[in-house]
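The data below hold one chain only, encoded as structure tokens and taken in the form predicted on its own.
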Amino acid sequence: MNTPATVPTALEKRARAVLASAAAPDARVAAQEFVAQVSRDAAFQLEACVRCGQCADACHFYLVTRDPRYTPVYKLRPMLRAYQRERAPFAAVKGWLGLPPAEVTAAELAEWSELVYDGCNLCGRCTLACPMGIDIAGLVRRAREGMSAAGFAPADLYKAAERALDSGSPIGVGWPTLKRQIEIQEQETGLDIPVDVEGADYLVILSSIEIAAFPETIGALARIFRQAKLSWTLPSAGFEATNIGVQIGSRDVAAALLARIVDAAERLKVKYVISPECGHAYSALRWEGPNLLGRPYPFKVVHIVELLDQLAREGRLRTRGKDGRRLAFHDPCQLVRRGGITAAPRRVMRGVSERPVDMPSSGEANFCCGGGGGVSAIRRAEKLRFAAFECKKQQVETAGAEALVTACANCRNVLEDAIDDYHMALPVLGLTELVAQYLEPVAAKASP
């Protein structure tokens, strides 16, 4: 097996140039990018806000701090002011009269960096609550484009973006690490795990967190796919699903990272790419990818939960026994609220759970784990992230859950950190591994 040579593409060169230009913070660049991000639809949404405050009660950062600065729509003020100064109705008249809004300053943007990054998971719960239908999370994502282009994103995210471009992973997990984890899982399962198989139906991509912290996912997939008799493969290049470009707010970085996955899928001529939901991997690949790259995919993107649900309904996922604990499903924001996959994970979980329970405000209204949108990678945000977990803790305790199940390795990692910080005894299980645990044994072939 030969790993394809790493040659910087035009997309990668542009992404590196964008990161390099952000080395010196510049408020004027931020303002220019804010205005560029305000499309006609975005302008309608900015003008539609009636300041009702309902988004505040939807945000766990506001609920645990009661600090009005964490009101979701407040995080948009720098972008709103730049828009009002340059492109809003009557902006030119106000400028001519000497009454334009003040320019956004570097000091203000440095202050807003905490609000736009540390205090927002891009989870979309505020969008769900807005009576005017404003996609507040989507607008914050646009605001991050201005912040990152001008040097006002957190240093941890810039470093993660550079590592992703250099090594393929935001935490530096390269092919040698994945290769070793594959070898270990082959030893533990007794199964061959295919790599770089041209013409396989399914291409599996993984997040760095899965590879580094939950490598048993690889073995679980191998067992599930063997029983379902699926043709699948892992790529030796382009295996990283996490998209730090979406988290930091850089379309150029996001496109460069997506292109690696698309190149792997096209190189191996697969029909489907199976995405996990980690670091906005699923939403970036499935919903944003074709627009970022400027062309449609020659393959279909499916989430592993969708595939598990399909296999179970087709009778190809046969299980024996069930977990007797009260299991509650933690809904990953990008999978459920932003992606619409609400029923499938619950159907899959019920197949291996005797006592499934729903937490209050579950499904589309579920609270984020607290680490999405890149927050888990920002060291200065740790205290705020742990504080936000109080909302999830209340959900768990109200439901009387004895364990959490989720379909996102980033959620799992963040939840485990917070649970440790709160000194709770609450296991967090991966849905794929849980299913694999209860698979019916595959009958051995009779000797001729």
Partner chain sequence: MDLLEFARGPALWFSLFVLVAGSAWRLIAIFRLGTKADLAEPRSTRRLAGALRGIFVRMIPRKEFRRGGKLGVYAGYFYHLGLAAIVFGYLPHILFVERLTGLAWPPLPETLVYLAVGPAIIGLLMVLMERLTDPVLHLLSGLDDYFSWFVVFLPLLTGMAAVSGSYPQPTLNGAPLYPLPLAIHLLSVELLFLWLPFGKLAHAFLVFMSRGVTGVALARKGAAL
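This is a predicted model, so every value here is computed, not measured. Residue numbers count along the first chain shown, from 1.
Not on display, but discussed next: the form predicted in complex with its partner chain.
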Practice task
Check each of 390, 47, 421, 402 and return the one that places a heavy atom within 4.5 angstroms of its partner chain in the predicted bound form.
Solution key: 47
Practice task
Please pick, from 131, 190, 324, 176, the one residue with any non-hydrogen atom lying within 4.5 angstroms of its partner chain in the predicted bound form.
Solution key: 131
Practice task
Using heavy atoms and a 4.5 Å cut-off, decide whether 53, 89 and 340 all contact its partner chain in the predicted bound form.
Solution key: yes
Practice task
Please name which of the stretches 57-65, 411-419, 24-32, 379-387 has residues with heavy atoms lying within 4.5 Å of its partner chain in the predicted bound form.
Solution key: 57-65
Exercise for the section: Look up in the predicted bound form whether residue 361 has a non-hydrogen atom within 4.5 angstroms of its partner chain, and give yes or no. Expected result: yes
Problem - Contact of residue 194 with its partner chain in the predicted bound form (heavy atom, 4.5 Å) - result: no
Practice task
Indicate whether its partner chain has at least one heavy atom within 4.5 Å of a heavy atom of residue 184 in the predicted bound form.
Solution key: no
Problem - Residue contact check: residue 229 to its partner chain in the predicted bound form, 4.5 Å heavy atom - result: no
Fill in the blank from the handout: Looking in the predicted bound form, the residues of 280-302 with a heavy atom no more than 4.5 Å from its partner chain, listed in order, are 282, 286, 287, 290, 291, 294, 295, 296, 300
